[in-house]
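Next up is one chain by itself, shown in structure tokens, the form predicted alone.
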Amino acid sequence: MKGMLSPSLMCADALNLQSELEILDKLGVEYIHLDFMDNHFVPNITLDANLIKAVKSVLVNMKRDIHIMAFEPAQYFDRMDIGKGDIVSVHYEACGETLHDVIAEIRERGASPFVAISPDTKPDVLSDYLDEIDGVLVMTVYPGFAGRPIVEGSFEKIKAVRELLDSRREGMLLEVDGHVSWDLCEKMRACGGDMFVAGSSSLYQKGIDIAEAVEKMSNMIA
């Protein structure tokens, strides 16, 4: 399986989001990463649920990769217009005993459910959900803000999740989110990552042409 890019819209030019989306779409990028935060599960607010819904009408080829960092994530599904083609990641730490039900609702809406795990969460917590989901999002930084340093032990964790996924069935995706930089993306890929959330440490660095950056990173994670 070839590596896939999912540029983070929270790192894009806030005054030109539509044009940025259109550029990425024309460049053949597979997914656009949309972060939603509730200021409770993480101490920040990023993209509004209504904006995440509006993005859907702009996309031609790209699909939405929605990362919900919030307690009770299902309450936002209608406002985001969750549906066919979407990837929706919800946090193990935010859902507790309701996680099975949340995953089922994502599936019922035609989207692909992923479980996201924060840096301090051990991969073995995923075992009870692997028959219900299409992939796992591994946070290699603490969630809430862009530009944070990678957490020690992240490469070992990516490897451990990859082994866990492959032991259950083929075709499950492993998404890496956090400090996917030019220096680290190839190692993340070698450890078993399939999708890479690219933001302020790579695609959206100042002075870098987005088309050149997309081509460069796509080649690095191929």
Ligand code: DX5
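We number the residues from 1 along the sequence you see. Note that the structure is predicted; figures quoted are calculated from it, not measured.
Absent from the display: the form predicted in complex with the ligand. The rest refers to it.
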Practice prompt. Decide if the three candidate residues Arg64, Val90 and Ser112 all line the ligand in the predicted complex, where lining means a heavy atom within 4.5 Å.
Written response: no
Worksheet item: Tell me which of 81-89, 144-152, 100-108, 118-126 has residues with heavy atoms within 4.5 angstroms of the ligand in the predicted complex?
Response: 144-152
Practice prompt. Just give me the single entry in Ile52, Cys191, Val29, Met37 that has a non-hydrogen atom within 4.5 angstroms of the ligand in the predicted complex.
Written response: Met37
Practice prompt. Examine Met10 and determine whether its closest non-hydrogen atom to the ligand in the predicted complex is within 4.5 angstroms.
Written response: yes
Worksheet item: Though only this chain appears here, would Met195 touch the ligand in the predicted complex if you measure heavy atom gaps against 4.5 Å?
Response: no
Discussion item. My question is simply whether Met139 lines the interface with the ligand in the predicted complex - judged by any non-hydrogen atom within 4.5 Å.
Written reply: yes
Worksheet item: So in the predicted complex, does any heavy atom of Met69 sit within 4.5 Å of the ligand?
Response: yes
Fill in: the ligand in the predicted complex - contacting residues of 108-138, heavy atom within 4.5 Å
none
